[in-house]
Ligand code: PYC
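For reference, the chain that follows is the form predicted on its own, supplied as structure tokens.
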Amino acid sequence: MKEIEGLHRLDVIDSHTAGEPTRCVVSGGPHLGTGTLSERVNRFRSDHDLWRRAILCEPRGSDVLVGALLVEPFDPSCDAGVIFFNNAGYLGMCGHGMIGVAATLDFLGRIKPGHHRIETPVGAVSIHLHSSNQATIRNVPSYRYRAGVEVDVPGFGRVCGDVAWGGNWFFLVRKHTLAAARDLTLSQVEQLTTFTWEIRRALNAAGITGEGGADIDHVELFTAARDATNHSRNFVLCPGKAYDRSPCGTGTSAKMACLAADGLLNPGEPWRQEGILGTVFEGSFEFESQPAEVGKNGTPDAVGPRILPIVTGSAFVTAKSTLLFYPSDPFRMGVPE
């Protein structure tokens, strides 16, 4: 290979989980030093954020890609550490991305089928690699923070939903007036994206947040599943205004937390969540500790029990490549926002 002074190389493995892509940075990424993963993601954000867009966005990628930077774990019980990021910023956890990371680590020969722990900035996630393409993750504790929250959305009227944590903060829509959202299909993506983006803007304008004032950066719609073997179909808007092609692992976790809070899903009972492409994540949960009371029937501020979500999905490695950063390239660090 021709040697060029100042040329930087960065090795990545691309995969998709149920249709949603993940770009895993194997080597050559920003050096974040030592410390906890929460400290290192803060260092990524403050000192190396240009690399986020350079890795994911045009001209090397697209707004759909989710990045996963492999790092050494802080927790010695973990096999690897990972920091997830996208075109808009950084993610505490990413369900589809974690399944993609498991398939990538298997592809690289770093793990074998069996049980493993992967560290994230919001906690360690247990994974069971069943085969090269299928894995089950035991997500971080999830819970409903508020139930039956109403917000006026300009152009769409009043919307009602739940605020829940599944590794990211979600607004899970219960009631709305958009006809297109009663049949979640690819032909409706433009309308669904506009609607959910306006919901997010309305939540921000109304000061509706997750716990501790955290930004609610995911909005999730539901309708009946198209396949009778599944329980629900969803559309998930991600922070950077791209929609999730998969059924969304953290979104499925948040959904199960709401169902558990209302007493509509029992521990160990399967929940098959269908995404916009028709692909499926199969979920279930355990209680983190036995709750004193389950189900508050949608009253505002109905904090639900903390659950331990379990989500199974399939991922496939699609490419192994080297990203090249020429010193003379005006867009070497990505196209400006």
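One rule holds for the numbers: they count along the sequence shown, beginning at 1. These numbers come from a predicted model, not from an experiment.
In what follows, reference is made to the form predicted together with ligand PYC, a form of this protein that is not presented.
At a distance threshold of 4.5 angstroms between non-hydrogen atoms, L91 is in contact with ligand PYC in the predicted bound form. Although the partner is absent here, N168 sits close enough that one of its heavy atoms falls within 4.5 Å of ligand PYC in the predicted bound form. In the predicted bound form, none of the heavy atoms of G100 sits within 4.5 Å of a heavy atom of ligand PYC. Contact check for L203: no non-hydrogen atom falls within 4.5 Å of ligand PYC in the predicted bound form.
Note on contacts: among C238, V163, I118, A257, the single residue with a heavy atom within 4.5 Å of ligand PYC in the predicted bound form is C238. Listed stretches are 120 to 128, 72 to 80, 106 to 114, 240 to 248; the contact stretch with ligand PYC in the predicted bound form is 240 to 248, by a heavy atom cutoff of 4.5 Å. Using a 4.5 Å cut-off on any heavy atom, the one residue of 3 to 25 that reaches ligand PYC in the predicted bound form is E20.
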